[in-house]
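Only one chain is shown below, in structure tokens, and it's the form predicted alone.
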Amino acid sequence: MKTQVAIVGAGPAGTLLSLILKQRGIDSVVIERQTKDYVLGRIRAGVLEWTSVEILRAAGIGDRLDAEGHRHDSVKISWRAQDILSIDFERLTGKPMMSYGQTKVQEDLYAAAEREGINIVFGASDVEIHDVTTNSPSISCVVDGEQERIECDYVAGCDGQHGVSRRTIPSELKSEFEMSYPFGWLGILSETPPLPYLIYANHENGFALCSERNPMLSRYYVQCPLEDTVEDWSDDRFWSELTERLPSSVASELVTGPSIEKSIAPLRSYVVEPMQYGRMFLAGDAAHIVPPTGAKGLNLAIADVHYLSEAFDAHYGGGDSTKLDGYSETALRRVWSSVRFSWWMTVLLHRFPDQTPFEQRMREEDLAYLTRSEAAQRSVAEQYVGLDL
């Protein structure tokens, strides 16, 4: 099998890249080690920057997003279960953001890929990437028990934090930056009407977040110790703890009900530099991980794909490889900006096990300053809705 761009990973980054390349006349093959049902079954983020919305629309998959996505013009932050700050995105930046689950984004991408006749190979095992420092890279894998090889011009590594792409870069040629946080998020999905707004909470018991997936599907989180298990958290315990961490005026609006999904996720910040090695380019979780506090993970993956697809288009369309050569430097500027914002939001809103009363008062003063300063609110709003590409 031969192609121009071989893409490892059929998550949002890999599928979106293949779709944009197809629309620009660039051939690709996508290799995914999991099944299609497995990829679609992963529960992930659901907040899209407006730039991400525009990129998805331009790729031809905006119809359901516009019909079913829920536009948010602001976000609320509470602390001490009493103070509430509302940051008005639309007024401060001229941009809203969109609540639309990543699972739906993936469904839309697969439907578009099928319409476009894009070759996605699911269930590929023993994936290896070869010769990316030469002019003839290739990928080998096993599909349905048969050994396969894909010859290509370039490789796009979109296979996440556990994939083979990042490991292909020799350890002496990459730098890895990492921070693991000493707590996790217990998240539930509930088929109940969500609150009409997003609200983050800083409370002495820990962080909480109320968000939505659609008008009858709510997504809620509470901070919990890493050693906790899902079995430690009954629905009654979850609702009781969530209610306690919210101001009474907010808690009174909650509609509770049985959870239909419940999971605990650790929080981590990670970046690898560079995001390219020879003729291989990393995008999405293969290159960076952010805690979900800043709602940046999926949006960073979409931005990476934008930069990489523009670079491939310039190369194949006009013979200009400048953007390909500079892809890592370009992408990392946005990556580090988003990593910093996600880290700051995480520190601001969570309780750390060794946190002192002084540190908590500093967090509360940060929140009070946000209340008093429109300039500070504008800074947060610009970063939350996403800076221009």
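It should be emphasised that the depicted structure is a prediction, and the values quoted were computed from it without experimental measurement. All residue numbers are counted from 1 along the displayed sequence.
The discussion below concerns the form predicted together with a small molecule, not included here.
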Check: Out of Ala45, Val29, Leu65, Val347, which one falls within 4.5 Å of the small molecule in the model of the complex, going by heavy atoms?
Finding: Ala45
Item checked: Heavy atom within 4.5 Å of the small molecule in the model of the complex - the one residue of His162, His130, Arg91, Arg115 that qualifies -> His162
Notebook entry, point to check: Does the small molecule get within 4.5 angstroms of any non-hydrogen atom of Val39 in the model of the complex?
Noted result: yes
Notebook entry, point to check: Quick one: does Pro194 come within 4.5 Å of the small molecule in the model of the complex, counting heavy atoms only?
Noted result: no
Notebook entry, point to check: Does at least one non-hydrogen atom of Ala13 fall within 4.5 angstroms of the small molecule in the model of the complex?
Noted result: yes
Item checked: Non-hydrogen atom contact Ser328 with the small molecule in the model of the complex at 4.5 angstroms -> no
Check: With the partner left out here, if you bring back the small molecule in the model of the complex, are Arg33, Gln102 and Gly297 all within 4.5 Å of it by some heavy atom?
Finding: yes
Check: Which among 313-321, 279-287, 236-244, 170-178 is in contact with the small molecule in the model of the complex, heavy atoms within 4.5 angstroms?
Finding: 279-287
